[in-house]
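Just one chain follows, in the form predicted on its own, and it is written as structure tokens.
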Amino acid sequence: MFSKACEYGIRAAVYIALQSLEGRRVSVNEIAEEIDSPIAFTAKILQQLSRNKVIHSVKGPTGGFEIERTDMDNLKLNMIVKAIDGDQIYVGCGLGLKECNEDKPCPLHDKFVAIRTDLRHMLESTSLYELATGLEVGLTYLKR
């Protein structure tokens, strides 16, 4: 459903949020290791997230990536998805057809409308804080 970059972006943002709750900035290498992603690919994803103001990058010897606690409640998953994948998840055809709409629907079109509505609601209502605290107390995991 999400691109691989988007999956890694969500995992990276959640990990950064968790570390930020503990007052730590994290490096690209640490993030890549924790989310099982190649370092160069992770760096590109973090650059996109930083450019879109999902995460904050601090340069220098004590630098790294962080997310302000005050921002975590307002940072929703849809912001990460939009930063990396755009809005294709909301408008793309379930079968990958170039032209799929109400006038010329694919066989899955009507069923996908309901799924997209539920997905949009979940992405717009789930905060990074919520996901990071699930990790913090051991209810959720980022590695298999």
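Between two forms, the rigid core is defined as the largest C-alpha subset superposing within 1.5 Å. Don't overthink the numbering: it's just position in the shown sequence, from 1. All values reported here derive from a predicted model rather than from experimental measurement.
Quick note: we don't show the form predicted together with another copy of the chain, though the next part is all about it.
Taken together, E33, I45 and D73 are entirely out of contact with another copy of the chain in the model of the complex: none brings a heavy atom within 4.5 Å.
In the model of the complex, another copy of the chain sits beyond 4.5 Å of every heavy atom of M79. At a distance threshold of 4.5 angstroms between non-hydrogen atoms, R11 is in contact with another copy of the chain in the model of the complex. Interface membership of E68, defined by any non-hydrogen atom within 4.5 Å of another copy of the chain in the model of the complex, is ruled out.
Taking the partner from elsewhere, L21 is found to have every heavy atom lying beyond 4.5 Å of another copy of the chain in the model of the complex. Note on the interface: of 37-45, 96-104, 22-30, 51-59, the segment with non-hydrogen atoms within 4.5 angstroms of another copy of the chain in the model of the complex is 96-104. Contacts to another copy of the chain in the model of the complex (heavy atom within 4.5 Å) from stretch 53-75: none. Put the two forms on the same core and the Cα of E68 is off by less than 2 Å between the shown form and the other one.
After superposition on the rigid core, the Cα of H109 moves by 2 Å or more between the shown form and the other one.
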